[in-house]
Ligand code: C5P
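We begin with a single chain expressed as structure tokens, specifically the form predicted alone.
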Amino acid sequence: MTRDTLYAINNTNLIVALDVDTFDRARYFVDKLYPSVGIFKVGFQLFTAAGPRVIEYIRNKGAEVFLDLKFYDIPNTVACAVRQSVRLDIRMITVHISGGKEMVSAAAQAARTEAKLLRRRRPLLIGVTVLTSRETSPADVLKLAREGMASGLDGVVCSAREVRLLRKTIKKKFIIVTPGIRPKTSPHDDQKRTATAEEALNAGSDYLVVGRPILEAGDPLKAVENIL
């Protein structure tokens, strides 16, 4: 893989995690990093602080939203949450595969039905396997990934360590989102299963999620350029 090819893949599929406390802080990073970054992750912290307002701001800017709320509840509750998410016109939603086949299937059906009703694109439904802050075996990740794909997911979240196994074993097209991306010189923080951008892409990841190495950099845009 040449450097130019690697840059093009990263430029398209780098997701910056907006793990910040306020709408104003999120707006600062979106304004500074877009269009170099085309997708921003909105998780628990920011969504609790700013709600749908921040999603609307990102969408109006021209970027996409990865809504990472990791839905995990009874099937009906998760289906209702997914329907509300579809109305926000986002790119990707996460659910916990460990919530079970019935829950994941209900989420997938809700996404399809609501998107058709609203005549808009259906967001990608991505299943969380095992958080990258935990040590685990690739076999455990594979088991969850298989279960999720059989229940209607478009893809999974996993660390770079498991990507090759999933690509080799699951014989269908699916998306892999990989968090825990760290430059070689960055601390791992609370992440256990980390990788560089190049390692994850070479393994077969489609989307790379990066938060603190960019948000805590003296020059966030330069940090993005360095990762690219």
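What you are looking at is a predicted structure, and each value in this text was computed from that prediction instead of being measured. Counting begins at 1, following the sequence as shown.
Just so it is clear, the following notes concern the form predicted together with ligand C5P, a form of the same protein that is not shown.
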query: Output flag, 145, 200 and 204 jointly within 4.5 Å of ligand C5P in the model of the complex, heavy atom basis; finding: no
query: Residue stretch of 145 to 153, 125 to 133, 79 to 87, 101 to 109 approaching ligand C5P in the model of the complex, non-hydrogen atom distance within 4.5 Å; finding: 125 to 133
query: Residue contact check: residue 210 to ligand C5P in the model of the complex, 4.5 Å heavy atom; finding: yes
query: 4.5 angstroms heavy atom contact with ligand C5P in the model of the complex for residue 157; finding: yes
query: Non-hydrogen atom contact residue 17 with ligand C5P in the model of the complex at 4.5 angstroms; finding: yes
query: Non-hydrogen atom contact residue 70 with ligand C5P in the model of the complex at 4.5 angstroms; finding: yes
